[in-house]
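Shown next as structure tokens: one chain only, the form predicted on its own.
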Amino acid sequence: MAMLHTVNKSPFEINSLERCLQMAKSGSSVLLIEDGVYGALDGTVFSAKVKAADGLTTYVLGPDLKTRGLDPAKLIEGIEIIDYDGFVQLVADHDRIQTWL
């Protein structure tokens, strides 16, 4: 099984998302949670890097989007919104988890 990478910091404050995208291997999953959800927005300086991450499946936690008042329609195409049950399923489906701080 592949690795699940979680990013909880805003890419506008710290480079966790950028480092994650550089290090994650093809077949891995990236889950954006807490302030990391800002990395899922299209039209930012980070959206091109997220789009260019070949072989990675990217998810965003819907409740964290809602808490921050972010419009799901403004997400990068192809990013899947999941709920807490989906988060638990991702953890169960992956051998290892890497948290990017």
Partner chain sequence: MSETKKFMYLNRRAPYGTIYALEGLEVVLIGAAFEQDVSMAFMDDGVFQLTKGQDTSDSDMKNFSPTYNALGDYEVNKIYVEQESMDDRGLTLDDLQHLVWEDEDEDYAKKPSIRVVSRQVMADLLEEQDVILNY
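Numbering follows the first chain given and starts at 1. Quick caveat, the model's predicted, so the values are computed rather than measured.
FYI, the form predicted together with its partner chain isn't displayed, but the following is about it.
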### Close approach of E77 to its partner chain in the predicted complex, 4.5 Å, heavy atom
no
### Message
So, G27 and its partner chain: in the predicted complex, are they within 4.5 Å at any heavy atom pair?
### Response
no
### Query
Do A53 and its partner chain come within 4.5 Å of each other in the predicted complex, heavy atoms counted?
no
### Query
Can any non-hydrogen atom of P72 be found within 4.5 angstroms of its partner chain in the predicted complex?
no
### Summary
In sequence order, the residues of 59-83 that place a heavy atom within 4.5 Å of its partner chain in the predicted complex are P63, K66, T67, R68, G69, K74
